[in-house]
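What follows is one chain in structure tokens, specifically the form predicted on its own.
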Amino acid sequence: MALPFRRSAIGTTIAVDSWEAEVLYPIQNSVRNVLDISGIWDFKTDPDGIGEAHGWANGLEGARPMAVPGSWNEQYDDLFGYLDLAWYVKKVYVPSGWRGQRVFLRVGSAVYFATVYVNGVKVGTHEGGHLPFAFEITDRVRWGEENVIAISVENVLRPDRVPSGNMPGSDMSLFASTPKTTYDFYPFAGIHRPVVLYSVPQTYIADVTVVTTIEPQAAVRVTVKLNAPVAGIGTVQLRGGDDVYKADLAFTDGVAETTLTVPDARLWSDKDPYLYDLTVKTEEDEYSLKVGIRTIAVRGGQILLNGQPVKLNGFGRHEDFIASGKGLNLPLLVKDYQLMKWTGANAYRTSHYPYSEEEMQLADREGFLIIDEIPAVSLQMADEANFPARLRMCLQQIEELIARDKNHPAVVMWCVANEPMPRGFGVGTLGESDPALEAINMPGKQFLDTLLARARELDPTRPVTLVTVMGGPQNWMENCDVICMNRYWGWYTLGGQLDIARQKLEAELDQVWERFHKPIILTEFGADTIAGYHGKPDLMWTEEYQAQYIRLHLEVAAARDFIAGMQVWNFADFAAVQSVMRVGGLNHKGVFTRIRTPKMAAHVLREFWVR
């Protein structure tokens, strides 16, 4: 099978090891089939890397049970700190009714590097985690008998990976962490999303791209790509209630495009998340998905949804929970959405990696506005030696993320990095424009500008951004459509001095607006708080302090029209690395506890956001 190739933003050809660009979410219909093989798998660690040579792809001796999806670190206490190689094995039958079709194995997410085997034969690898990958296994299937599916996964922390870990000197600081990440959340490992088998016809729909406009009247442009450069015909149908709109497709070299006009369309928004049903049919295949007709744009200091100003108020979040770790947890997902709605939130950022496809689908349905982010968190921009490896990985992640999520109306912005860490970073530059800091960090700016340009090239219909760290170079923000800032005035800086923190925050926001004249979202602001810890006066770590801290920031934002959103860090307490800053191995900045009990700050959000 030929390996797929993609063109990068900097004009070089990137060879993707052997994963297939099958990005459409698997569905069951009259011509397509899906079999979810998640569940309890055999599991065994392989710290010495002997599994492949010893035939572990054919089965494991001395295995223990492991739930898929799920992080292995949360399921066994002796695996909590284990990030090296491990193996998952499961035996499955492929339904005989699938004979004659093409059969694929798809993994929703495996962190960080995965290798897939079918009946003892390696079929491919994928690097990066958090995004789906698939391999065609038609020629490997044994019909009428069990098939052995094996997946090896490792999440070794390395300086050249995205995100990075085990940076030189990372164990010398007073605030050094275990494990040695460059980021402040636990590096959970394992297969975190469903593993499925699916079948499609020989000539099948490989990709669908939907772009919607609303002026002069609503329209839905649909581009369909087949897996082969063939000619043919097909149809597109859009249904909304009793209204049905149809158009023909004529494929040339495997591609067809058409536009449906939709008079009196019901537009998708955070207040009315109306979804149409789109169905594409070809001579052999059929695929359906939900479509929201909406536009997103930036004008002056405002973000416009369907031409009207909208504020992206909500949270930074994490895929994190007891026992499941970062594994897909559907009941928790429904619970979290209910709690976010209770606070009055309408938005969040997928900090700091792409969230599950199931979550994107729920956001479409429930009307949440999402800043969709790749895993480029805390990139060490002084470490230029690893720029090429990291750039390759970031570009791959941008391409995979946009390919996966481009049709979700809930996704309103792409984010290419969170808190890239500059050379010469220090508190002396906090809240200031520092030309010297900007000058010595031009290589980092060029790196980030490349990512912004690639995201904009792949999808010109959505704003692009990156999220800056306190004290970072301000010129890194100049090519963003929206300015996204993480600021901790009153916590990491001026802790316990909220009156002075207010002045610093106001001054910095006003200065950034005067420099760029673009919408500003405070994508992180928060204070660690131990639930049930109270005090008078309102001391740091008390619920009262967090509540006053949140109130201060919301009041400052309310006085400035150019603030286009406020996203609290964090929605809920989450697992972090062990350090003297993280009581019990948790980041306690949640306005809910890790088990979703509200703190006083959650009620402050309701006061400001529920209307």
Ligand code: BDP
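Residue positions are given as counts along the sequence shown, with the first one as 1. Note that the coordinates shown come from a computational prediction; the quantities given were computed from them, not determined experimentally.
Omitted from view is the form predicted together with ligand BDP, to which the following refers.
**Study point:** ligand BDP: the contacting residue among Y198, Y117, F368, Y488 in the predicted complex [heavy atom, 4.5 Å]
**Key:** After the contact test, the surviving option is Y488.
Practice item. Heavy atom within 4.5 Å of ligand BDP in the predicted complex: which of T465, N418, T529, S109 fits that? Just give me the one. Key: Of T465, N418, T529, S109, the residue with a heavy atom within 4.5 Å of ligand BDP in the predicted complex is N418.
**Study point:** F574, heavy atom within 4.5 angstroms of ligand BDP in the predicted complex
**Key:** Because a heavy atom of F574 falls inside 4.5 Å of ligand BDP in the predicted complex, the answer is yes.
Check your understanding: So, in the predicted complex, is R582 in contact with ligand BDP at a 4.5 angstroms heavy atom limit?
Key -> Yes.
Exercise for review: Give a yes or no for Y492: in the predicted complex, does one of its heavy atoms lie within 4.5 Å of a heavy atom belonging to ligand BDP?
Suggested key: Contact with ligand BDP, yes.
Check your understanding: Does at least one non-hydrogen atom of W569 fall within 4.5 angstroms of ligand BDP in the predicted complex?
Key -> W569: contacts ligand BDP in the predicted complex.
Review point. Looking in the predicted complex, is ligand BDP within 4.5 Å of a heavy atom from each of H130, E319 and E357?
Key: No: none of H130, E319 and E357 comes within 4.5 Å of ligand BDP in the predicted complex.
Exercise for review: With ligand BDP left out here, work out from 539 to 547, 582 to 590, 45 to 53, 28 to 36 which stretch has heavy atoms within 4.5 Å of it in the predicted complex.
Suggested key: Flagged stretch: 582 to 590.
Point to revise | ligand BDP in the predicted complex - contacting residues of 344 to 372, heavy atom within 4.5 Å | key: Only a single residue, H352, comes within 4.5 Å of the partner.
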